[in-house]
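The chain below stands alone, shown as structure tokens; this is the form predicted on its own.
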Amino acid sequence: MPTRRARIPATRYPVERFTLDNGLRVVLTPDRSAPVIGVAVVYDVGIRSEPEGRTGFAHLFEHLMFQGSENLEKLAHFRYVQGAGGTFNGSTHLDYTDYFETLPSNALERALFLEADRMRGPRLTEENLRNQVDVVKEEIRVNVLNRPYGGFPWLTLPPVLFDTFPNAHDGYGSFDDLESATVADAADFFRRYYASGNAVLAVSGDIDTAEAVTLIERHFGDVPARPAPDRPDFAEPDLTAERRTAYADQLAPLPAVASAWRVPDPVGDFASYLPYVVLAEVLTDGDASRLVERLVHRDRAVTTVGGYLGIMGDPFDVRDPTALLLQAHLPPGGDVDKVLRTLDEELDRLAQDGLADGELARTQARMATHLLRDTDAVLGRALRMAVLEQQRGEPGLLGELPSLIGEVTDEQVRAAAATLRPERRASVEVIPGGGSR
């Protein structure tokens, strides 16, 4: 008996797209339901773009973009956004870096001016660089070196799964590489990647479209035109034999393991990729999911288990190559080999027997709910649409994702599960307290 799928309608967000003469792509998505706006600028540069010897540079440069700009002194960006009752931040990903604000709608021009000013040029000084190198080093100490499971698995699994520097290196960066960065390096990075032709501006929320177009042309239209750089091909062959490694974590209280399998190109082969997104949720989303029910509740072999697409948990804003990840924390003395064998058993059972009646529909409905919740806020919508425009030229895909997830079939999920074989798996194990296996 075929399992039922969820019937999920598409969400029709209004979208207007245009490109300025300097190459900046713009996405507008008005929503007049509340007097709030979200503004996002996404640059097509991320961790994978870092050159050898400059690990962590994409993230370091994100910090430098907040240290003053062509017409604004250091900390002015902070004061102007917070003084208008807004919030702001930025983040660095594998394939892009974003900068964003949420503000009252009457502060739209202020946000556009701020983003355009730093697109013209941040204040790249020796003082700012040295200061931010120290800030990033402290961030690494707090988030990785002095935290249990620091960097697990987003920093520790890629060098097992991948062979090439762009895909495998430490995106936070080594202290040596960070300390050796120069102002000239930063200026070259800006010229190469922070070009108007390499960026997308998205504005969502309480906007009048015609007025927004006028303001965008006023503030961004005279940003000097520079074309987008050629993007390298980061593809590399899939694994043909299982890879596994382990390391000791002096601060970790319990054993842990994470495994990854390569998946189809999320941009170039989206139809084949989408069933893996659903599969990860079938396996791990909620107490009724396959691996939670088996590993946590029945076998008590793990205390937690989770699964997701993308090394940084970003299924719809990542390019190829990427992976499906499963990770678990074990009780004291837990058996990692047994956990991996159980994963194989459950994947085989799913591939052979399919899903129970209602299992797929329940999973799809939960996924649609999460997607709609994440994009209900205007900033979430602006960020997602900016990345979809940048990577696919399809910002409107955001509204179609829930219905596309609802169209994934039992047969597609089974076929995806059948590809997650041990010989294609990379795993990393955390040994707690510096002990030995």
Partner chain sequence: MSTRSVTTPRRQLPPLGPTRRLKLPRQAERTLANGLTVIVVRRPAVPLVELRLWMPFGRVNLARGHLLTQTLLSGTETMSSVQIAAELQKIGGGLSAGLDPDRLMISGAGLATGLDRMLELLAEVLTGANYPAGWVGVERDRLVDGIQVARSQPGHLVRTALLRRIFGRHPYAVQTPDPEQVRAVRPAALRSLHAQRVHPAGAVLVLVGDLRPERALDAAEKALGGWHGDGHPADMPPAPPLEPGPLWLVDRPGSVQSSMRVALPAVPRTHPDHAALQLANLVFGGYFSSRWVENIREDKGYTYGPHSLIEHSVAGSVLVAAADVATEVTAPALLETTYELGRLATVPPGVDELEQARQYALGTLQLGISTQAGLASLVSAYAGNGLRLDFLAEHAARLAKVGVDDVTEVAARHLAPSRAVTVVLGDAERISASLATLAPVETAPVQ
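Numbering follows the first chain given and starts at 1. Everything quoted here is computed from the prediction, not taken from an experiment.
Not pictured, yet referred to below: the form predicted together with its partner chain.
Answer yes or no: in the predicted complex, does its partner chain come within 4.5 Å of a heavy atom in every one of 51, 164 and 349?
No residue of the spot touches its partner chain in the predicted complex.
Just checking whether residue 34 would be counted as a contact of its partner chain in the predicted complex - the rule being heavy atoms within 4.5 angstroms.
Flag for residue 34 set to yes.
Counting only non-hydrogen atoms and a 4.5 angstroms cut-off, does residue 113 reach its partner chain in the predicted complex?
Because a heavy atom of residue 113 falls inside 4.5 Å of its partner chain in the predicted complex, the answer is yes.
Taking its partner chain as it sits in the predicted complex, is residue 197 in contact with it (heavy atom to heavy atom, 4.5 Å or less)?
Result no; residue 197 lies far from its partner chain in the predicted complex.
Using heavy atoms and a 4.5 Å limit, would one call residue 322 a contact residue for its partner chain in the predicted complex?
The answer is no: residue 322 has no heavy atom within 4.5 Å of its partner chain.
What stretch, of 124 to 132, 151 to 159, 230 to 238, 337 to 345, brings heavy atoms to within 4.5 Å of its partner chain in the predicted complex?
Looking at the other structure, the answer is 124 to 132.
Listed residue that, although its partner chain is not shown, lies within 4.5 Å of it in the predicted complex (heavy atoms), from 88, 193, 308, 261
That would be 88.
Heavy atom within 4.5 Å of its partner chain in the predicted complex - residue from 203, 103, 328, 318:
Only one listed residue qualifies here, and that residue is 103.
With its partner chain taken in the predicted complex, which residues across 75 to 90 come within 4.5 angstroms through any non-hydrogen atom?
Heavy-atom contacts within 4.5 Å come from 75, 78, 79, 80, 82, 83, 84, 85, 86, 87, 88.
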